[in-house]
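One chain comes next, on its own, written as structure tokens: the form predicted alone.
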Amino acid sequence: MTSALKKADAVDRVSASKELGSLRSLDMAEVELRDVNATLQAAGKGENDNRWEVLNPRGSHAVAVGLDVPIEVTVKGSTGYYCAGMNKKATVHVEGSVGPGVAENMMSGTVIVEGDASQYAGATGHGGLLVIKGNASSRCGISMKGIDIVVHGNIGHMSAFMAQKGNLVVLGDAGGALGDSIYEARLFVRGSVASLGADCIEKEMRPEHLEILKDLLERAGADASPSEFKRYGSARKLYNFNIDHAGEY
């Protein structure tokens, strides 16, 4: 098949996606990933094209990436790497689990995962809200730069490594080396912490932190009281080189 025929066939399959009232559907059993993402990236500019569902993702990588319009996308199943990466403004709801790097480099909007998340969820995120209703694996929130992450379950080791800004809320337990080399991000954990990383310490929970936490829990649909959490953050000993702390670098 020529490239022109392939393109025409892809257009036909996308245009053939059914419309359910104001909800439009893209079936990945019939529509290729590239066409699914191109359709979603072009959405939100006309009538009845701001609510979408993606069927049969079948663990595909990079589903619903690069969205920069305020649309709603529901993914009906589990996905692979980098689901909802680089999200901006959109709300992406995954009715399943996700592979590594969900919401990686997210700028704004909301990403909700009903199941579990693999490694480095929310990595380098600059803004927006990531909600994981199951557990998250290692390096959750690595190098976060302003994103808010709420995990209803547990998180793995080295989470919030070099976290610069934003909030990581964990209703369960945290693995080892939490917040290693952390900057100014705030970490709230309700359960136990296996160990703290370099320069990460438990800090006082002041009224302003309780307010921040209350708002995040409400937005994430989490049934927990802010008073049940402990706060962790930077001791600020590693901001500048000091020979007395050389072993911690």
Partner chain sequence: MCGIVGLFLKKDELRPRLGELLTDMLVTMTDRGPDSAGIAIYGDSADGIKFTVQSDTPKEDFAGLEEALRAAIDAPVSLKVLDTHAVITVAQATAATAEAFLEGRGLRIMGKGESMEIFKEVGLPQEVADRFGLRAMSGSHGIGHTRMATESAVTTLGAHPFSTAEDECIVHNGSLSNHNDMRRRLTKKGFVAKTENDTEVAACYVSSRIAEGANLREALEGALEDLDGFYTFVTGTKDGFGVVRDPIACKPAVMAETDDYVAFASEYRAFADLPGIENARVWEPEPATVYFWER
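Positions refer to the first chain, counted from 1. Worth saying up front: this structure is predicted, and the values here are computed from it rather than measured.
Another form, the form predicted in complex with its partner chain, is not on view; read the next lines as being about it.
Undergrad: Heavy atom within 4.5 Å of its partner chain in the model of the complex: which of 110, 124, 74, 78 fits that? Just give me the one.
TA: Partner contact (heavy atom, 4.5 Å) among the options: 78.
Undergrad: Of these, 167, 143, 91, 118, which has a heavy atom no more than 4.5 Å from its partner chain in the model of the complex?
TA: Contact residue from the list: 118.
Undergrad: Please name which of the stretches 102-110, 83-91, 132-140, 145-153 has residues with heavy atoms lying within 4.5 Å of its partner chain in the model of the complex.
TA: Contact-bearing stretch, as computed: 132-140.
Undergrad: Test of understanding: in the model of the complex, would residue 59 fall inside 4.5 Å of its partner chain by heavy atoms?
TA: Yes, contact at 4.5 Å.
Undergrad: Along 190-221, which positions have a non-hydrogen atom within 4.5 Å of its partner chain in the model of the complex?
TA: Read in sequence order, no residue approaches its partner chain (within 4.5 Å, in the model of the complex).
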